[in-house]
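Okay, so here's just one chain, in structure tokens, the form predicted on its own.
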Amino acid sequence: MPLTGVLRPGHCAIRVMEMGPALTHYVERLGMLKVGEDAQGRVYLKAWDEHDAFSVVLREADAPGLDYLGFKVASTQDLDRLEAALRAHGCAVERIPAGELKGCGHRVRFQIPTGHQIELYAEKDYVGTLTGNHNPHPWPEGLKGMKVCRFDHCLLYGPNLADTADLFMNVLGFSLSERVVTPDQQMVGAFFTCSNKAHDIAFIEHPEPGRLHHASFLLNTWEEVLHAADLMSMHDISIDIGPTRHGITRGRTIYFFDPSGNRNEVFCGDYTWYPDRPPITWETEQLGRAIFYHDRKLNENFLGVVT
């Protein structure tokens, strides 16, 4: 896991149907910070422990879902190298100029076989965290709601998972940390990491392209997950499932919906990934335990509702 190439998820651009309720949800309830907006009406958010200028971009639209997911790379040299590799792989690549997103350098956007738009960038304005870097306290006072620490990952649904896995592993340099396979060993779920987290992006095979299952935000402890659950009940936020534990990634989690119907997750805990570790394999016969380790039962709403 050298600190070159793709480093981590950097931002997700989410479509919402009404900006007012969306801001109440993401700022007052999740506890993100509103850091700006632009002439297009897009609103920029970051979590308190994120150093870069933003990690979530909200855009008002007629339907919910994901516009694109961005990953930060280590340098402009890495960005140029990966752009050339994507073009050689046959991807249609678009260069988006610096400043199209406020505070972000030029981006390289491409469509992956699942139908999602992914982009890479090397530069984004550094603004620091609320605790600073000099004799910092462990957390800042005055945080709201669930007090999420960072945007962590997305789970995406779409077709052509095998081709997508090839792209992420052999072009972008991700590792496969976990997979779900059918009895004939066809991979129908894949979890990829570009760091030492259990996953930085995940996919489920699905006939409709370009679908968002959830955008996930990190908390520090199980107690904070339970506190988030209390807030969801207190403010009548629609809960999908949890609090519970995953078998896949070992995360302790709760899922819920924003006012537009986009699914969110807050979670804590996983394991440390190193590149010499073989991927974990889950069989579809054990999918109930893999997804919801405690009750070991599949939830059709959780599996089927996407935006």
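Heads up: residue numbers just count along the shown sequence, starting at 1. Keep in mind the model is a prediction, meaning the values are calculated, not measured.
Just so it is clear, the following notes concern the form predicted in complex with another copy of the chain, a form of the same protein that is not shown.
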{"property": "Output flag, 65, 109 and 302 jointly within 4.5 Å of another copy of the chain in the model of the complex, heavy atom basis", "result": "no"}
{"property": "Partner-proximal stretch of 37 to 45, 246 to 254, 259 to 267, 57 to 65 relative to another copy of the chain in the model of the complex, 4.5 angstroms, heavy atom", "result": "246 to 254"}
{"property": "Touches another copy of the chain in the model of the complex: residue 136 (any heavy atom, 4.5 Å)", "result": "yes"}
{"property": "Any non-hydrogen atom of residue 186 within 4.5 angstroms of another copy of the chain in the model of the complex", "result": "no"}
{"property": "In the model of the complex, residue 227 touching another copy of the chain (heavy atom, 4.5 Å)", "result": "yes"}
{"property": "Residue 173: touches another copy of the chain in the model of the complex, heavy atom cutoff 4.5 angstroms", "result": "yes"}
{"property": "Candidate from 150, 213, 206, 116 lying within 4.5 Å of another copy of the chain in the model of the complex - any heavy atom", "result": "150"}
{"property": "Residues within stretch 40 to 65 having a non-hydrogen atom within 4.5 Å of another copy of the chain in the model of the complex", "result": "48, 49, 51, 52"}
